[in-house]
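Take a look at this single chain, the form predicted alone, given in structure tokens.
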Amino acid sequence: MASRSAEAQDAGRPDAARDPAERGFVSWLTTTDHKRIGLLYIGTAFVFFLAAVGMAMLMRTQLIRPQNTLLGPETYNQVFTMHGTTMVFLFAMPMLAGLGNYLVPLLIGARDMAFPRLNALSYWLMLFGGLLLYSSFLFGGAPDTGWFSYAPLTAKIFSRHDGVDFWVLALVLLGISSLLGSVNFIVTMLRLRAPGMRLRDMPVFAFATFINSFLILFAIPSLTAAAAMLYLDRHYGTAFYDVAQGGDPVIWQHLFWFFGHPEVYILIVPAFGILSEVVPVFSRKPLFGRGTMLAMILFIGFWGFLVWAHHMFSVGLGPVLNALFAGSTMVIAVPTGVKIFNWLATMWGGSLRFRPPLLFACGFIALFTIGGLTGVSLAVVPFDWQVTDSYYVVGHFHNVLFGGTLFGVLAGFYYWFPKMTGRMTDDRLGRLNFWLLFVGLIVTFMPMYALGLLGMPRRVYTYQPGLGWDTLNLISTLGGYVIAAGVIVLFATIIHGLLRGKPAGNDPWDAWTLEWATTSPPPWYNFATPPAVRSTRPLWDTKHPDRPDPALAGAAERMAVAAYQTSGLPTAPGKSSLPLLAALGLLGMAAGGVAGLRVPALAAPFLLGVLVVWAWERRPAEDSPLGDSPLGDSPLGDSPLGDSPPDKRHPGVTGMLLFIGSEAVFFGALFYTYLHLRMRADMWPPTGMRALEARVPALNTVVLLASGLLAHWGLVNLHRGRRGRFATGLGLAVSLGLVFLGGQA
């Protein structure tokens, strides 16, 4: 007989039933609750999704017949650039971040993210980055160089308005948002897992988000470095990408695709995790080959950084490099194929329930398989030479990210909608939504493979009649209208579910993971007494006490469980206006990159003041998910896949180490650019620019490292009660810090 959930057991407690969260619009501006932030991410992503779909329909309508005049060439360039940028940076990434924000603490039995205020700052930076990008329409024109903005098209001579500058500065804000979010996810899963839950025992979606956070952490800085050098080229006379002055546009391609190909996995790995949650529940079977699934996700997280140059077979890398990257691309198809068979084997012989979540999961498997196979074909260098920058690539890309990421997201959205809202969606509308999107995607993108083989290049706003493209473009556009109808039905389903959906109950799917152990929607504290984790299906254990898995081993773990279950609840959900104010300050700094120096001159002191208040503001311990609760010292460990001794390090230290590792990629990209130009360019640095003086920076680096080591030595002695040595170390550290600042000046 199934036992009651932890929340049901605590329903009679006044403090468990009472929700002290503020109501009204202002409470959303100051919230640090991970669930509210997750909903803000999801809602904002859906708004940008509507904008991107609208732009896609403009493009398809322009191409419905030859020599159409709906859009001019300049407008078309802006529309397809904004469509691609929006779908990648303002829909897919924020949507996955929103699902992760809402669900990861629930999946691992935590009360919030490790850094709640940083979590709020991540959202506001994402929103303001998107608004900054779209404001380019009001100030001379949107970016018009494609979502990957190849140099030299981004040079001032080819793109004279400020659209590229808006694109660069918006991506910097979006990159900071993603980096802060990834650090937060990693530290949360390292430090806040429920007692007894090892990293390898986390639900697959949480594990996929964990690996995905490392992908973001080490991919985004490469794009940031490339964008920073592009901005310097456009405004300060550097020539990193200008061939006429000794630069090399191929540098942009290397740096962009070192981000861009891991970005494909950033957009798809969480979808793998979603399917691994949905398919078992709707098949009524545990996930087949769960350990293999985790290993394949881990392998993709590593190997994804080794395949970037297969986007560059046509730039003349040479046969050796082309062969290496062709082989690495074919290798990475193997773990993807393994996951497909994991899901199929899970469904084989299962008691399948074809509700909307499983329908979208099945659609994902079919469409993503097509995208994956065509991706392997692009790894064949001679074939890639024939179809590169053609509509064949457009069809492949959309099969992977539309048929993959979007269908995976919708499988998860329909699955977790009852948990987020407490209401069910209408299955008839959900099925209609699936079939419209599934049929529309096939009709829209399958003709593009044929168009590419017939020689139609991508990014063209019109074409001549009689080339064999007319009928295929007509069919593709009609399919686009079907997709648009599916999007309308999607939003109708959401509205109907919110207004008229049937009450969901706590666990409408009879699922197995911890998010279903609490109410729908969850209370502000998530869990009062979460179930002890004894297996990868903790809620199953709670529901079936007559079939127990092996009990938790070790007295320390049992004590941690008891301490957690008796710990008090926070007095109120967290709230702070500082994340919003800090994001406004950073927005002002970014806007100054276009508007001139006066704006950052005003924004910088404001931002500095906010950060000072942030640093000195002391939050009550009970208002923090770490604080002084047993969670902060639970035996969670930091090892990649198993147990380790209790981690006494402050979570801020772990977060800072992760951030430093990310920054190493940023500076590594700059260093690579310098070496590339010095070794391969005939006239670098360009006339009028001084060569890099290495001696002073090297000396400054030594001074800075020495200052840091002395500061650490002083802190160690302070903890040991040696105040004299602490004062000495601190004084020397400050002195060397001043020497460093003088050297920099």
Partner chain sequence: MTGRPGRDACVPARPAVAALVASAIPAVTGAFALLAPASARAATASVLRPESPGAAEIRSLAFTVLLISAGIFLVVEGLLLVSIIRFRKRPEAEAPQVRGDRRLEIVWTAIPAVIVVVLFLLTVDTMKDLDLPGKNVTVGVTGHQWWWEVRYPGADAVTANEIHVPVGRTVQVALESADVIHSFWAPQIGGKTDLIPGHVNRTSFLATTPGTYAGACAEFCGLQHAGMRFWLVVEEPGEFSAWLKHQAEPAAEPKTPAAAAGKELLLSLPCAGCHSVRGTAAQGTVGPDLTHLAGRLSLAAGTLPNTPQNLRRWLHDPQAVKPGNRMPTVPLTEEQLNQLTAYLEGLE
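Numbering follows the first chain given and starts at 1. Given the structure is predicted, the values throughout are model-derived calculations rather than measurements.
A second form of this protein, the form predicted together with its partner chain, is not displayed here; the remarks below concern that form.
Enquirer: Check whether F302 has any heavy atom within 4.5 Å of a heavy atom of its partner chain in the predicted bound form, and answer yes or no.
Expert: No.
Enquirer: In the predicted bound form, does F667 come within 4.5 Å of its partner chain, counting heavy atoms only?
Expert: Close contact is absent here: in the predicted bound form, F667 is far from its partner chain, nothing within 4.5 Å, heavy atoms only.
Enquirer: F214: heavy atom within 4.5 Å of its partner chain in the predicted bound form?
Expert: Result no; F214 lies far from its partner chain in the predicted bound form.
Enquirer: Evaluate H719 for contact with its partner chain in the predicted bound form, applying a 4.5 angstroms cut-off between non-hydrogen atoms, and reply yes or no.
Expert: No - in the predicted bound form, heavy atoms of H719 and its partner chain never come within 4.5 Å of each other.
Enquirer: Between the options V376, L602, V613, L474, which residue brings a heavy atom to within 4.5 Å of its partner chain in the predicted bound form?
Expert: Looking at the other structure, the residue within range turns out to be V376.
Enquirer: Answer with one of P503, G609, G140, P382: the residue that has a non-hydrogen atom within 4.5 Å of its partner chain in the predicted bound form.
Expert: By the 4.5 Å heavy-atom cutoff, the listed residue in contact is P382.
Enquirer: Given that the partner is absent here, state which listed stretch (395 to 403, 88 to 96, 242 to 250, 182 to 190) has heavy atoms within 4.5 Å of its partner chain in the predicted bound form.
Expert: Only one stretch passes the 4.5 Å heavy-atom test: 242 to 250.
Enquirer: Checking a candidate spot here: are D33, V269 and A295 all in contact with its partner chain in the predicted bound form (at least one heavy atom each within 4.5 Å)?
Expert: Zero of three within 4.5 Å in the predicted bound form.
Enquirer: Can you tell me which residues in 333 to 352 come within 4.5 angstroms of its partner chain in the predicted bound form, by heavy atoms?
Expert: Contacts from 333 to 352: A333, V334, V338, I340, F341, N342, L344, A345, M347, W348, G349, G350, S351, L352.
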